[in-house]
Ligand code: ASP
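Here we start with a single chain on its own, the form predicted alone, put down as structure tokens.
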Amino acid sequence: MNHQNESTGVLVIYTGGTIGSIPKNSKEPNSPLVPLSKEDVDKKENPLFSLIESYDSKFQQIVLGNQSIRLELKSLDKPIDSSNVDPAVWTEITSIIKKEYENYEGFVILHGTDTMTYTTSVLSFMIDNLNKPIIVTGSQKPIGETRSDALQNLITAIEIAAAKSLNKPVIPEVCLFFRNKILRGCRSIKYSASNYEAFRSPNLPELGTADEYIVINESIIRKGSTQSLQILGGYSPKVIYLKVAPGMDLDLIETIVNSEKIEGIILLTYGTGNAPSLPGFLNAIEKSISQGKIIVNVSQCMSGEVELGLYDVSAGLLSRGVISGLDMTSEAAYTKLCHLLGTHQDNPSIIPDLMQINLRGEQSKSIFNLHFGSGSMDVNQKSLTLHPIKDMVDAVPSMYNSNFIDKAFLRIMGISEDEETDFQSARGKVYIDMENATSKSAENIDNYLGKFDKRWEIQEGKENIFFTITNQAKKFIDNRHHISITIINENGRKLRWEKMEIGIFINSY
């Protein structure tokens, strides 16, 4: 055997799925398919590698090009159909990777296609400080069947995982490889139940393609970590999907979203994050959030981005505390929320902000939030200066960088007057880092954020004020000093608001 450094070679982890399935009854070829058992996979002449022409079972190596690559196989204790995948399976996978991490240059996970995107998403969040490839693949037909796509997917996945030995660009990420596309795991969706090109990445280009040659898009590959591998195993599955549809029964919605057993909701909305503006629906959402539940807005559309507040029909969700899922897939949003709920049980208040920060390349932007809380101004009170009620939540120190600000907004939400008159109004100006501002202060200076002048009928509910403050955020919000917001009340009447915040969008790429 060729003696190789222990950090070379590829470990293939078999979890089950179509790629290794066989008829349940060997005497009846058309009987239902079941995964190969651990005993089958553990055989020296195992069915998964035996069809690879360049695999040498004696020396446990595969020849790729002119290079011999050490190749070993390990099975889960009980391989499963991927429809039965659960957190225990993910824990077993990550335990194997952690134990064997220093012994291989890369890993391939063989997995069923039904829940492959959930597994690639959750592994992305569970595995921290990754600097080696983890390639998840499978097939639409079992490896032994005629015209199966399994063998090509398996061999190419091994080649991608062995990039270090082959002097090719290394992808230190959890990836999904299928047919000829290398996708970021937490950006992938299953597009087809039967097509050999079954997976897509709707909001991010492929990390690479594998046709005659493997070509890697190095400009969007995440950098490998120089720190020690960490497995973050916390996971709370008390999260549900709620898909918005026309004519929903609002009593049923209220019953669902206010269930005591639910900790989080992935709200699947129309278009850019729109949902009914019906009072019954919004009141149910508001009540749910007031109980401590986290609601994340993700679009039902295959591609595109949630833009809360772009239309009036989404402003109601924003003002009640629904947070943006930006351009995350529904699978990434679901597993990310479950992961954060399980790993931040000691400090759940930071989870809504962490959900909006790009942790593993799952979204194109991060939203960093400064919260000012609720407030009010008394009759004839001319000005009020406010400071954030807590520090900006950051995933890692110095992740926030004002040089990469794409856009920023000041939002004053749930505005009302103290007196319930038929018509309510709010009029004034807002400044940043200018505590001595008055109604006569200049408006042609960088500190000036804008003016508001609104009048509405009381039956219309409460009002919201949004300012675009991109240029001011770039100048003043550097995360090195505590900023202030000064509101000038030019109405001479008592004013109050339920929530005030600054949302700063930072480009991830």
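From 1 onward, residues are counted along the sequence shown. Keep in mind that this is a model prediction, so the values were computed, not measured.
Keep in mind that the form predicted together with the ligand is not shown, yet the notes after this line are about it.
Although the partner is absent here, residue 286 sits far enough away that none of its heavy atoms falls within 4.5 Å of the ligand in the predicted bound form.
Using a 4.5 Å cutoff between non-hydrogen atoms, residue 353 does not count as a contact of the ligand in the predicted bound form.
Although the partner is absent here, residue 203 sits far enough away that none of its heavy atoms falls within 4.5 Å of the ligand in the predicted bound form. Taking non-hydrogen atoms only, residue 139 approaches the ligand to within 4.5 angstroms in the predicted bound form. For the residues 114, 418, 92, 254, the 4.5 Å heavy atom test against the ligand in the predicted bound form is passed only by 114. Residue-level contacts in the predicted bound form: of 82, 330, 383, 165, one residue has a heavy atom within 4.5 Å of the ligand, and it is 82.
The stretch in contact with the ligand in the predicted bound form, judged by heavy atoms within 4.5 Å, is 105-113, chosen from 276-284, 105-113, 69-77, 302-310.
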